[in-house]
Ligand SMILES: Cc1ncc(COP(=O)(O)O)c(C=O)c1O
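The chain below stands alone, shown as structure tokens; this is the form predicted on its own.
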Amino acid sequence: MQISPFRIEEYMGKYEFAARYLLSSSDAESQTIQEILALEPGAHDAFLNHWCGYTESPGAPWLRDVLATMYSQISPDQLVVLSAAEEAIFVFYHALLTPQDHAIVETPCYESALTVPKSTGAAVSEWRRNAANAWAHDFSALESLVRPTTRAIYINSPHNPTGLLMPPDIFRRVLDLAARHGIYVFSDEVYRELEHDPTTRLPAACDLYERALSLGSVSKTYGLPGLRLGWLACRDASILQKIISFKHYTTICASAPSEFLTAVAFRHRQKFIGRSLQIVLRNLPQLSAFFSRHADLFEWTPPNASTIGFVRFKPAQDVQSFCERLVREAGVLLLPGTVYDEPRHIRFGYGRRNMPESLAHLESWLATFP
């Protein structure tokens, strides 16, 4: 297996833990273990007495019971718990694809969604969206990419990095297209339940199509990335078994403490959703006002979900150099779009409580910007 360097994670790893002001973070504000345990009487003592042995490879049954409540057509045995969304992406592609296969990936995207299928030897085509038409989906372009050997289509809604929802009609047409050709759909839904208007929420893909796999994670909407837990929900038993078999070569099972804490948190997940939504709806108008004040430098298609947005940087200079100079001189971290193969864009994050402070430091630094 040959795989490219993970540019997003390498860039964040270089600066994230040194920068004082994180203005590109993709997750919502996190919480402490104490705050999670305080959600239920007796949870603290139960956690201290929780057995730290191996867990079941598909995930603890009592955790899958909780996660299944997020879906309308999924039973607990149709869920596989994994060690974060990244493992889910990795094991899905490697369990499914061979060098004789073809996959289609909606781009720009979280980089591993594109690089991991390539590492299997499969052919990979990009269903690429662009800023010129406000990141609209060209469904006819997707149709033209389908081959007899197409085994998987990767989609992401709410979308990283634009923070935009896929329109409902496009979403259903993608699933219908996949059904006509017997293609698996990997639906990255890690920002689901953080739509800025909850009435715009799309159904989970796994509830609509038997060969759709819905990816969930504790990291983004719920702000618990340190638990390193994700899951896949699907009604196709054969692909889930392949994923479990491949997982035996990666992590075997999830962390027992993380499973316990996730189950507690998700029995109260509406509190996490409400908290995250309150933060993003407070921060988003301030960020939009900032872009209005600096319209000579920035423009964007305003996001309607998640904690992130993708902003065009107007000056004719290198985006990565701009971001690196900013973090060195002001301690403010932005993510250059070069890691998404979008060299004129920057990812902003607005899911943290201190975003206004981070934004103020950026604005002060811009006053000295030539």
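Bear in mind the structure is a predicted one, so any value in this text is a computation, not a measurement. Sequential numbering from 1, following the sequence displayed.
One more form of this protein, predicted in complex with the named molecule, exists but is not displayed; see below.
The named molecule is not drawn, but in the model of the complex it has a heavy atom within 4.5 Å of residue 86. Taking the partner from elsewhere, residue 93 is found to have every heavy atom lying beyond 4.5 Å of the named molecule in the model of the complex. By the criterion of a heavy atom within 4.5 Å, residue 97 is excluded from the residues contacting the named molecule in the model of the complex.
Looking at residue 110, you'd find a heavy atom of it within 4.5 angstroms of the named molecule in the model of the complex.
Only one of 260-268, 73-81, 243-251, 187-195 places residue heavy atoms within 4.5 angstroms of the named molecule in the model of the complex, namely 187-195. For the residues 283, 156, 214, 150, the 4.5 Å heavy atom test against the named molecule in the model of the complex is passed only by 156. Listed residues 235, 294, 275, 228 were compared with the named molecule in the model of the complex; 228 is the one with a heavy atom within 4.5 Å. Contacts between 206-222 and the named molecule, taken as any heavy atom within 4.5 Å in the model of the complex, involve 217, 219, 220.
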